[in-house]
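Shown next as structure tokens: one chain only, the form predicted alone.
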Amino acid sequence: MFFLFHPSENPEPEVMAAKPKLYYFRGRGRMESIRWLLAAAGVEFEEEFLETREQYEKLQKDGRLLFGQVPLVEIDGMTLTQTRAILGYLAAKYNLYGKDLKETVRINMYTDGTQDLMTMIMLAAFKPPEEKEENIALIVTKAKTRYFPVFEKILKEHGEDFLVGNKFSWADIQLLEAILMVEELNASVLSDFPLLKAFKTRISNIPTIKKFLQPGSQRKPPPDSHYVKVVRNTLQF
């Protein structure tokens, strides 16, 4: 209804192009925002899951991990690493990055903020059990006092459906991802943010996102002890 994607000028090669291939663990981590962005753009992708140290070492030996780190994404004949670079490329490729530099820099600011919040949640899974409860309480407090008030204010000031330029963008996708992650820690976290509540409903009902939120999609569940163990064993930390 309000989210038309930019058509390819030469659709034929796009149709024939190989699906993007994602190399990461069978869990959220730093790859989940990439999955969200591709899914929101309506792009099908393949995944190869890292389960062993040997798989990781082979990627390194083959020279495919620029700085020895995953995520790794194969797309458009390129091998890409570094999460922020991958997300920026995808946002630009699928017309989710604003109409000019001023909109792009705002999208960058907003996504950097939500990424900071999500990184705290990501790292919480690796904390010692005795620290987890306190850490989660701190994350929820920061979401309610530092992050969510900012986005509530943005939506109130411009009175539009989307965060930037009244058009669906990467900023909207990642804010919804962050909201849902915090709600997994505290279901009532949006009780004081009526505009964010409405935003969550609105963005969740965009067809590509609605599909991604359904059971059986490539969206990953919150990290469990098995995921933490595999990551620790593979990366040896």
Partner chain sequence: MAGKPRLHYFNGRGRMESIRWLLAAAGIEFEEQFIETPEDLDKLRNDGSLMFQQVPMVEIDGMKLVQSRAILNYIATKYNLYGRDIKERALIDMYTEGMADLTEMIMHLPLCPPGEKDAKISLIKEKTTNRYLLAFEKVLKSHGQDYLVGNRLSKADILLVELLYSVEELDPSLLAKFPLLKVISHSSQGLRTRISNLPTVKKFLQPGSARKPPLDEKSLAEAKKIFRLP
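All values reported here derive from a predicted model rather than from experimental measurement. Numbering follows the first chain given and starts at 1.
Although it is not shown, the form predicted together with the partner chain is what the next lines describe.
- Using a 4.5 angstroms heavy atom cutoff to the partner chain in the predicted bound form, all of Ala85, Leu101 and Val105 count as contacting.
- Although the partner is absent from this view, Pro194 stays clear of the partner chain in the predicted bound form, with no non-hydrogen atom inside 4.5 angstroms.
- Proximity of Gln69 to the partner chain in the predicted bound form falls within the 4.5 Å heavy atom cutoff.
- The partner chain is not shown here, and in the predicted bound form it never comes within 4.5 Å of any heavy atom of Met122.
- Under a 4.5 angstroms non-hydrogen atom cutoff, the partner chain in the predicted bound form has Arg146 among its neighbouring residues.
- Along 74 to 89, a non-hydrogen atom within 4.5 Å of the partner chain in the predicted bound form is carried by Asp76, Met78, Thr79, Leu80, Thr81, Gln82, Arg84, Ala85, Gly88, Tyr89, in order along the sequence.
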